[in-house]
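One chain comes next, on its own, written out as C-alpha cells in the form predicted alone.
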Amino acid sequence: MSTRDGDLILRHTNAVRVTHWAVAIVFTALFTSGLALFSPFFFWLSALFGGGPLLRFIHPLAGVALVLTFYPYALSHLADNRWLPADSRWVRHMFAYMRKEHADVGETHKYNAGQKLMYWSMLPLIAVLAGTGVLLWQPWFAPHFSAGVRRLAGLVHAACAFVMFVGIGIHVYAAIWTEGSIDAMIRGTVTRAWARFHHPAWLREVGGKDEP
C-alpha cells in the first residue's frame, strides 16, 4: 500500500459497523419509548410503538437488547480505549481543538480522549440503567420490591438516562463536526490524510513506519 493521501485505510470492519448501528437503533428506541413512559407530555410517542401496552412490553426488551449488543462490542474495543498520556494532552486542548484553534492533537491513537471518555462513561451508565430497569420491570420483577425501592430506582433510572442522552448528543455532534467520521462508520474507511490529522499514532500502527 502506498502512502499517498488519497489511499483508503480500513478503520471499522463490517461487524463493527453493523453492531454500532444496531446499538444506535436500540438506543433510539429506548430513549423515545422511555420518554413516553416518563411523562404524559411525551406519551404521544407511544404511537410509534403501537400504543401504551405494547410500548411497556417493548421498552424492557429493548433494554435487554442494548446490554446484549453493547457489552460484547465494548469489550472488543477495550484495548483501544486504554487511557494514555497523550489523552491527557488532548483534554487540555479540547476546547481549543473544538474551536479549530489548536490543530496539534498529539499522539492520538485509534480513539481520542473524547471518544474514550464516552466509552468509559457508557460502561457504568448502561449497567445502572439495566439494573434499575429490572427493578421497574412490570409485571415480572417490580412486584417483588417495595414502593420505596421502585421510586428510588425510577429516579436513578431517569437521571442516568438523561446523562446518557447528553453523552450520546455530544457524541453525535462530535461525529458531525469531525468531517469524515460518519462516512467512516458507514463505509468503513478513511483517507490517510484524515488519519494523519486526527489519529497520527494509529496511522503509524496500521500504515507503517514511513508515515510522518
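Residue positions are given as counts along the sequence shown, with the first one as 1. Just so you know, these numbers come straight off a predicted model, no measurement behind them. If you superpose the two forms and keep the largest set of C-alpha atoms that fall within 1.5 Å, you have the rigid core.
Omitted from view is the form predicted together with a small molecule, to which the following refers.
_Which residue, Leu45, Val149, Ala174, Leu37, is the contact with the small molecule in the model of the complex, using a 4.5 Å heavy atom cutoff?_
Contact residue from the list: Leu37.
*Might Ala130 be said to contact the small molecule in the model of the complex, defining contact as any heavy atom within 4.5 Å?*
Yes, Ala130 sits close enough to the small molecule in the model of the complex that at least one of its heavy atoms falls within 4.5 Å.
*asked:* Although the partner isn't part of this model, could you tell me whether Phe70 comes within 4.5 Å of the small molecule in the model of the complex, counting any heavy atom of the residue?
replied: Heavy-atom contact with the small molecule at 4.5 Å: absent for Phe70.
*Spell out, yes or no, whether the shortest heavy atom distance between Gly154 and the small molecule in the model of the complex is within 4.5 Å.*
Flag for Gly154 set to yes.
*Hey, in the model of the complex, does Arg187 get a heavy atom within 4.5 angstroms of the small molecule?*
Contact with the small molecule, no.
_Check for me: heavy atom within 4.5 Å of the small molecule in the model of the complex, for each of Trp90, Tyr111 and Leu203, yes or no._
Checking in the model of the complex: none of Trp90, Tyr111 and Leu203 is within 4.5 Å of the small molecule.
*Any CA movement of 2 Å or more for Ser39 between this form and the one not shown, core superposed?*
Yes, the C-alpha moves 2 Å or more.
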